Each structure stands twice: as C-alpha cells, then as structure tokens.
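Only one chain is given next, in structure tokens, and it is the form predicted on its own.
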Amino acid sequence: MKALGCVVGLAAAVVSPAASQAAPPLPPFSVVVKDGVATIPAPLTSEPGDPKAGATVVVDRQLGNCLSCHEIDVLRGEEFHGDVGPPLNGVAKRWDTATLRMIVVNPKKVFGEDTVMPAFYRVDGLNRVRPEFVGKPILTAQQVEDVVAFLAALK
C-alpha cells in the first residue's frame, strides 16, 4: 500500500500547474446539419455581433489574424493580405450566418479534417497546444459573434 501512495504522489507531482488551471468548458451550443453541412444556427451569446468589432478581430494578429490567409477588399488599407485561403469578398453570398458561425467555431465540420484553417472556438481534440492555452479558445463567444456579423456583411 505504501508503494501505491508513492505512485499517486508522483503522479500528482508531474501534473503541470497549467493543466490544473484549465478554463471551464465552453458553454454548449447546438450543431444542426443542414443540407449535409454542419451549422450553428443560434448565436453563442445573447448580445448581437458587432461588425465593426468583428473587423477589428479579423485584422488583429493576436486574435483572428484572418488576413494572414485571406484577402478582404473592404480591409485593403491593412497590410499583408494572404492568399492561402479563398478571398472573403462576397462570403455572405456563399454561406448563411449559421454556416459562417460553424466555420469560425470549427471549420473541420464544414471543410473536412484536412483544412488548415484553425478552429477559433474549440478546446478539445487539439494537438500541440501550449500549456498556457489549454482549455482556452482563440476567440471568446462574443468575438465569434462579432466576426460572424462582419463576415455576414460581406455580400
């Protein structure tokens, strides 16, 4: 029994402080498959998204950083538009709000496992997450709604 106590003590000692301080799980949201595509019809927050705040998140290199991969003509004043992902001009004509929300939350549910686009509101099933970011999504629920509002305005 003494050996078992040592093993338990050793296991407790190697658990990193960051793992024990992980953020609480994300609030649940409903995913609905519509015409074979996963969507999130209901907003993640009770406050509507703000397109202007969404544009700020899109260009912020510490948050959305969407411009590193996508071109967006209405943000042409910003530097360094990427060409890895498709241009986001007219994205609201291609996808409805529920699908745009799913794409921002977890694009693998729309584009498949091979997409390089990161999931901005996901904390489980990720690889190589730095300890200080375990359990924390890239964007908050409100930031997701703001980005979706911005994207929905790109017609």
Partner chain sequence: MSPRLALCAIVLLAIVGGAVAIAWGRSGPERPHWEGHGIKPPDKDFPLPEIVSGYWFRTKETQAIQDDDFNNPGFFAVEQGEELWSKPDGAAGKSCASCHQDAATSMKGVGAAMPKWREALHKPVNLEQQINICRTERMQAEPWKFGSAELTAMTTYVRFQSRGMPVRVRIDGPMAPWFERGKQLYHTRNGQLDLACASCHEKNYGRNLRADFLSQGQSNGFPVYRLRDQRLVPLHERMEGCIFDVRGIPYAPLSDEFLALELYLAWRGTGLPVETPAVRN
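Positions refer to the first chain, counted from 1. Here the structure is a predicted model, which means the values were calculated and not measured.
There is also a form predicted together with its partner chain; it is not shown, and the following applies to it.
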Stretch in contact, per heavy atom within 4.5 angstroms of its partner chain in the predicted bound form, of 91-99, 46-54, 107-115, 28-36
107-115
Is there a heavy atom of Leu126 lying 4.5 Å or less from a heavy atom of its partner chain in the predicted bound form?
yes
Flag Ile138 as yes or no: does it have a non-hydrogen atom within 4.5 angstroms of any non-hydrogen atom of its partner chain in the predicted bound form?
yes
Does Val84 reach its partner chain in the predicted bound form if we count a contact as any heavy atom within 4.5 Å?
yes
So which bits of 42-70 sit within 4.5 Å of its partner chain in the predicted bound form, heavy atoms only?
Val59, Arg61, Gln62, Asn65, Leu67, Ser68, Cys69
